[in-house]
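First, one chain by itself in structure tokens, the form predicted on its own.
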């Protein structure tokens, strides 16, 4: 049984980790930390977790107070925080799964897109980029994992078959994606107020959203040449889910919607958490599951490839994928403790 700490356990991502890990047969949560919520019990914040974590308290986080004998640390801290604590965490744990953004990009790209220099560039080489469906061998070869962002997971998995198979041009890609409000986190902000978010859809981060760099990095690796993406995120009045609609220019002749669907089904054949489907997937179909649903189309009238992908931003977009990566690090079956069945209605 691997002993794990959840660092930053009081946010939505941390709570989702606790929910999923409660049923994991090979990982035991022995420590949960928080900042402003330190001292509260898990059930004070999340009564739904009571059956598994009754009496467990959020501890103040410090690397000096980490439990002895940890095999694994899930780090769910705001960007900029993981890099400050990474060195002692790595010394204390065999494996770190960072769900934040700190170890996803090379140092130069991080500085460009996050507007500040990386504080631990010497540690970047110890982290793999943790999108298992595309980089499984690399994940197994590294001690630590940088978990992908939720928007990048949806966009990259939507577009990877096109670029890997040479079916689409790597430039001129457009990604429009809609996320539920939980993607903003649990903090009390004006944008998160019911009266602000309800009956409202808004775009943000136009032309310079930080996840653009992550999409381009992974898609370039898949394509074997530089990929270029225009990304526009939106927030919609729903709790969970991301729906990504991606547009690309064809690089091959004779394309059809039926043929593209066959290509996608072949590309993701054997992947336990990715399904290429005939109908456009709704976000609701992925709620609570570590599932990504995707469907491609070719429009012969305009010569455009359209791909629609859906996932739960808190599961396949964050905590579920983190457990999927931890399973790989621990040499466990990748599906251990995870489900591909969504909750309906």
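Predicted model, so just to flag it, every value in this text is computed and none were measured. Numbering follows the first chain given and starts at 1.
The next section is about a form of this same protein that is not shown, the form predicted together with another copy of the chain.
Under a 4.5 angstroms non-hydrogen atom cutoff, another copy of the chain in the model of the complex lacks residue 28 among its neighbouring residues. Contact annotation: residue 232 falls within 4.5 Å of another copy of the chain in the model of the complex, judged by heavy atom distances. The closest non-hydrogen atom of residue 121 lies beyond 4.5 Å of another copy of the chain in the model of the complex. Taking the partner from the other structure, another copy of the chain in the model of the complex has a heavy atom within 4.5 Å of a heavy atom of residue 196.
Distance criterion of 4.5 Å from any heavy atom to another copy of the chain in the model of the complex singles out 216 from the list 71, 81, 216, 133.
Considering another copy of the chain in the model of the complex, the lone stretch of 224-232, 135-143, 92-100, 150-158 in range is 224-232 [heavy atom distance within 4.5 Å]. Site residues 2, 77 and 210 are none of them in contact with another copy of the chain in the model of the complex, judged by any heavy atom within 4.5 Å. Taking another copy of the chain as it sits in the model of the complex, the stretch 315-342 comes within 4.5 angstroms of it through a non-hydrogen atom at 339, 340, 341, 342.
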